[in-house]
Each structure stands twice: as structure tokens, then as C-alpha cells.
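The form predicted alone is given below as one chain in C-alpha cells.
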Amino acid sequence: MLRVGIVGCGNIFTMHATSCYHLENANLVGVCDNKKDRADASAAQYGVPAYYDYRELITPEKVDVVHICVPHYLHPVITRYALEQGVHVLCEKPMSIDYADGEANVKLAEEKGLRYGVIFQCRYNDASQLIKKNLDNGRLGRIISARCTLTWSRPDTYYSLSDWKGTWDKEGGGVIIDQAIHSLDLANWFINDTPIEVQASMANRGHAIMEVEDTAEGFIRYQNGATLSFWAMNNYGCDDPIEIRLLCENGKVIMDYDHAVITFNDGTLLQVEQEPDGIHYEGGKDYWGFRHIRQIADFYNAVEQRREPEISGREALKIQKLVCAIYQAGKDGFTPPNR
């Protein structure tokens, strides 16, 4: 029975706590938040102690595994502290704001023989799994070209309620690192090759109170010749479904997070609709994908079996490096908000 602690009792907390509650090989033993009312409410909900300083919770005597669900800039800080204490870490995306911090923690985990995972739960969606299966078995052939689009709504009121979102130093960016990172990760995972060229442009076109990008587009070329084009913006009027398209040697793919259609060149059709896991995440949001429990289950099993989790820190470095390259390419011509 793994002893589990969660640091951060904000919006995403329910996805981690509910998953832990439903998994038989783990037991939630404590929660932590620097906002006392939030920590107390979450602790009362699950009947566990509340902590207000992560260092009081993260000790090998109290927990085997810690989930990190805090603002982005704190991800590498708390990850490093937990690893130094000998505690396994499962961190929400992104693993860090910059690449060097993420790489350093990956090396530390490997040196200490600890499991370090980063949440990219959308890889576990039924649509994602069907596509990946047909890429890995060769039926779709090599990806020639891919594209992903995201048009969501995050008004100024969304940022006014947060003391860290919409900032370069605490969030690390805007629509790319917070919203589009999942679709970029899926496309990069599907292509499964090394990016060799990254072009990007970014702007803040629709927000007055945040300093980061709300619009980004770009082009990525891979070593095997595949290309990926992307467009992401969170100044739309609503959250439309994300779309990823793949042009492959033997067919085409159209997917959003809940649905995928594969049309092979010979006319064969495969499609899938997301099936619910039968678990209710109180306060959970549809765009989170409702697949946290699948990744968390794999992580707990990896700890018990002393193997690497499917989405390890080293695996997460791939999308971290790509996101950082997008920002490096896009910041040169960044258009700041009109104030």
C-alpha cells in the first residue's frame, strides 16, 4: 500500500485525489496547500491531515509518493526537494518552465533510483491510443505531415482570479505551455522523431491584464522529414474541440480528444469514441480528458515494480524541449498586450 501525499489543492487536485482514492494499491495520507482554507477543506473531504508547508509533508517517513499540483514555477523546486528526500514524484505538466531545471531533476531521479513521472493524461485517451497503436504496428506508415489547432476561451477574468497565471516568471508563458502543450505533446508523440527546426510567432491579441501570449502559430521539421504545423489561441469565444490531423503514408487521421477517425488509403475505416471510466471527478473539466487515473495507476505500478513509468521525466523532456524551442523562436517578434 503506497502512502501518497498531494501538494496543491487547487483546480486539478480532484483529478489526483479521486484517482488515488479509487486505486487499490495506494492510500492518500496527507494534503498540502499554502492557502490554509483550501488545504483544510481538501483534508476534511478525504479524512487526512492538512499541511501548509510542503516540507512538512514530504518526508520518507510519511509518504512514498508525492503528487505535485502547484503553479508551474514551483514544479521543479518541489520536485527536487522530494527527490532529495528519497520520495517518488508525479508532477503535473509542465515539469518546469525551462529545460535545464527539468533535465537536472531527471538526472537526480535516475541517480537516486527514484520514479519521476509527469502528467500527460491525454496520451491515455481512447482516440490517442488507437492512433498510436496503428502507427507503432506500421499500418499507417510514416507520418508525412501533421497539424494541430486549439481555439479556446480564457478571458481576462480567468487571469484576474490567479496570482500566477499569465506571467512569464510564474507560468512560463500562456496558451502554449498551459493549454496547447497537450496537443503538441500528442503530435510529437505520434511523430516520434527528433525536431531539427522550430519556427514560431506569438502575440497577445485579446488580453489586457496578462503579459504572455494568447496566440501562437508555427512550423516544426523533424529529422525523418515529417512536419508539424500548429495554431493555438485562447481568445476565442468558447472552448471548441482541439483537432489533430495526420497525413501518413498509408492513410489519414482526424482526432479530437474524445474521437478519432482513421481512413486508410485502401478505404478501410477505423474510429473510436471515448468510453467513460465510470469515475466521477467532482469539479473536473471535460478538457482535462478524464484519463488521469490511467496514468496514475501506471505510475503507482512502476513504483511497486521498480520500473520506469510510461511517461517518465526523461520522456517528458521531449515535449519540454520542444515547448522551450517554440518560446525561444517566438519571443523575438513577440507582440505584447495593448495597455
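Just count from 1 along the sequence shown to find any residue number. Computed from a prediction, not measured in an experiment: that's the story for all the values here.
Here the subject shifts to the form predicted together with a small molecule, a form of this protein not shown in this document.
*Asks:* Among the candidate stretches 208 to 216, 183 to 191, 164 to 172, 245 to 253, which one is within 4.5 Å of the small molecule in the model of the complex when only heavy atoms are counted?
*Replies:* It is 164 to 172 that comes within 4.5 Å of the partner.
*Asks:* Considering non-hydrogen atoms and a 4.5 Å limit, which listed residue (38, 294, 62, 314) is close to the small molecule in the model of the complex?
*Replies:* Flagged contact: 38.
*Asks:* Which one of 319, 17, 329, 12 is close to the small molecule in the model of the complex, taking close to mean a heavy atom within 4.5 Å?
*Replies:* Of the candidates 319, 17, 329, 12, 12 is the one lying within 4.5 Å of the small molecule in the model of the complex.
*Asks:* Residue 281 near the small molecule in the model of the complex, any heavy atom under 4.5 Å?
*Replies:* No, residue 281 is distant from the partner.
*Asks:* I'd like to check something about residue 123: if you look in the model of the complex, is any of its heavy atoms closer than or equal to 4.5 Å to a heavy atom of the small molecule?
*Replies:* No, no contact at 4.5 Å.
*Asks:* Can you check whether residue 4 is within 4.5 Å of the small molecule in the model of the complex, heavy atom basis?
*Replies:* Contact with the small molecule, no.
*Asks:* Determine whether any heavy atom of residue 90 comes within 4.5 Å of a heavy atom of the small molecule in the model of the complex, and answer yes or no.
*Replies:* So residue 90 does not count as contacting the small molecule.
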